[in-house]
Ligand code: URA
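Take a look at this single chain, the form predicted on its own, given in structure tokens.
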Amino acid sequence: MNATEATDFPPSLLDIALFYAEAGVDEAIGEQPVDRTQAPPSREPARSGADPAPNPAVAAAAPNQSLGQGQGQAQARVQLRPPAATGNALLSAAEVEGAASRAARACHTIPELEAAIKAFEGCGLKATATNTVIARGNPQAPLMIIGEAPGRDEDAQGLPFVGESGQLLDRMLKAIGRDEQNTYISNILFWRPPGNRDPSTEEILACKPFIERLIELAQPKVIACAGKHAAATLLGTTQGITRTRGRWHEYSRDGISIPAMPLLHPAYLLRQPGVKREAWHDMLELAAKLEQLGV
């Protein structure tokens, strides 16, 4: 049982500890909270007759305070230009996406891209994640499965889709003759959102250039987008996944066009086993398309 399943109130210390662990808190620093976005006070005595010299760390942090501690620190690490006084959050997100795009475009092989993703500091999720989770399977495979974000097991092992939902995905793939030898599996996010919450728009934008470049370098023949966030990010769909699943779309970017199928996420199937019939129909559609393409 996790903290969200507790029924006693007030919660016990164990329930509270489990809640914080699920949210990504893994270390207690002190009895009093500390604002890490603020620079520590200077130990140098104030200069007489003059205003104290401005602290560059405070000046760099100030424009990012509206974004939250983790995101502001991440942006400082990628050395982005401080945003203008108006539209801070929007401009800052655009700058992060621009930095990610430049880093992704500089990569000409998948190993180079993996190294660039691990070195990227523009997504605040990295600060609370245990591992950077990129992909598993065969990067030369004709089928690429792209999910949403790592969960607890994926964060611990550093591989996508290895928990309970990943095991279900493996069984679904096996049923149509696919496995890690002929499938490449990744996510649109490379770090786990604390507590497995939905990713924010800013977090998706920070990672989107990398997954787009991974698709471009892997050159799959067919893409399956598992879950609403993957479908919306890569295919631009605005409808819910239950309406878009089972229908073919096109992933189009930079001159490439790849048939893409939105799928119900395996985690959703575990919560709603009554829709497995629809999921099986979609897997058969995937198998038929791959057979049609001769791959």
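Predicted model only: the values in this text are computed from it and were never measured. One rule holds for the numbers: they count along the sequence shown, beginning at 1.
Omitted here: the form predicted together with the ligand. The next part is about that form.
- Contact annotation for the candidate site: 151, 154 and 160 all lie close to the ligand in the predicted complex (heavy atom within 4.5 Å).
- Between 197-205, 213-221, 107-115, 141-149, the stretch whose residues reach within 4.5 angstroms of the ligand in the predicted complex through a non-hydrogen atom is 141-149.
- Although the partner is absent here, residue 265 lies within 4.5 Å of the ligand in the predicted complex, judged by heavy atoms.
- In the predicted complex, residue 165 approaches the ligand with a heavy atom inside 4.5 Å.
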